[in-house]
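What follows is one chain in structure tokens, specifically the form predicted alone.
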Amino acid sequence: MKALLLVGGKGTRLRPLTDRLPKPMVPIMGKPLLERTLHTLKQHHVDEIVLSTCYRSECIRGYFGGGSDSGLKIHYVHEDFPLGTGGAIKNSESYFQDAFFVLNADILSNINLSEMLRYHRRKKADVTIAVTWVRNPSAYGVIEYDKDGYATSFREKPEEISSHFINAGVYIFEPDVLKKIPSGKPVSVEREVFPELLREGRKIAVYQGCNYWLDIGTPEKYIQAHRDGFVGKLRIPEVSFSRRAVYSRFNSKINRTTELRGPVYLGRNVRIGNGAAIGPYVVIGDNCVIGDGCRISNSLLWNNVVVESGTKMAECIVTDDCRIANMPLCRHRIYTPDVVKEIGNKAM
């Protein structure tokens, strides 16, 4: 089985977290979101991946290469300019001769892809769309469907709510559908391709096997994803905080006077100094150094972060390669190298 992942978006709403890397590479509990998605696909017997890239594609290619380290075969298709969801799918047409998955790579969900494929085959559909229920669908694309589970209409951001099921950004396509998509120009699969297929009488099945779904499109949703992981709402395969309040990877050195208040996730080679208090709801990435007497809670630190002694931090996100210094209280902030530099310049 093959899958196409759409990883070319700029992640504008997630800035400044995406200033230096594409949204699918933003870490979720210590690993890039895209890596977690590929792990899920592999569990469902997908062994060949096509990544449709555009923004900062070198970050993705440099991390995953050809996929041999993860037991996958990975191909790359690059867009010189954004082609939209439909255009990106068309641009990858040559790789697909049988039914294949398509996923928006900024989605976290618990969709059972194997069951979705079985459903697609039972329904003899041209396309199957995974949907998820939301209380207020007015900001999304709503899908209406009949009693047999086939889509009847697509409505973008409706004022009158006729359905609470929205497009979850996970599809199965039969390859002949791609002939309906024009090449070399931006096309929206949601606004153009799917409605056109309905007008032609093609079968679009609606799959409802999703009870966790989150688009990490904003910093607030990004924080929510981690909170959901800590409480078990979002399944993180290698971590269960209900069984173990503090999860630590390899070679961490934690001073015996440090207080860890779970749930806490520690990456590789973390160093924590004397008298520090870490947690609850804290992620500390690889190669981070936390100084003496620091107080950190409800915060997400990426890799290679240094927090100097005496710093108090609450409800913050700190991206790679930051050094937090001379800041006795950090609250409700996103720190990137550029932000830290700006703060340092103002303090001079």
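Just count from 1 along the sequence shown to find any residue number. Just so we're clear, the structure is a prediction, and the values are computed from it rather than from any experiment.
Heads up, the form predicted in complex with a small molecule isn't pictured, but that's what we're talking about next.
Although the partner is absent here, Asp126 lies well away from the small molecule in the model of the complex, with no heavy atom inside 4.5 Å.
Remark: Gly149 does not count among the residues lining the small molecule in the model of the complex, judged by a heavy atom distance of 4.5 Å or less. The small molecule in the model of the complex comes within 4.5 Å of a heavy atom belonging to Gly84.
Mapping the unseen interface onto this chain, Ser299 falls outside it, with no heavy atom inside 4.5 Å of the small molecule in the model of the complex. For the candidate spot formed by His226, Glu315 and Arg333, no residue has a non-hydrogen atom within 4.5 angstroms of the small molecule in the model of the complex. With the partner left out here, the small molecule still marks one of 260 to 268, 105 to 113, 67 to 75, 195 to 203 in the model of the complex; by a 4.5 Å heavy atom cut-off that stretch is 105 to 113.
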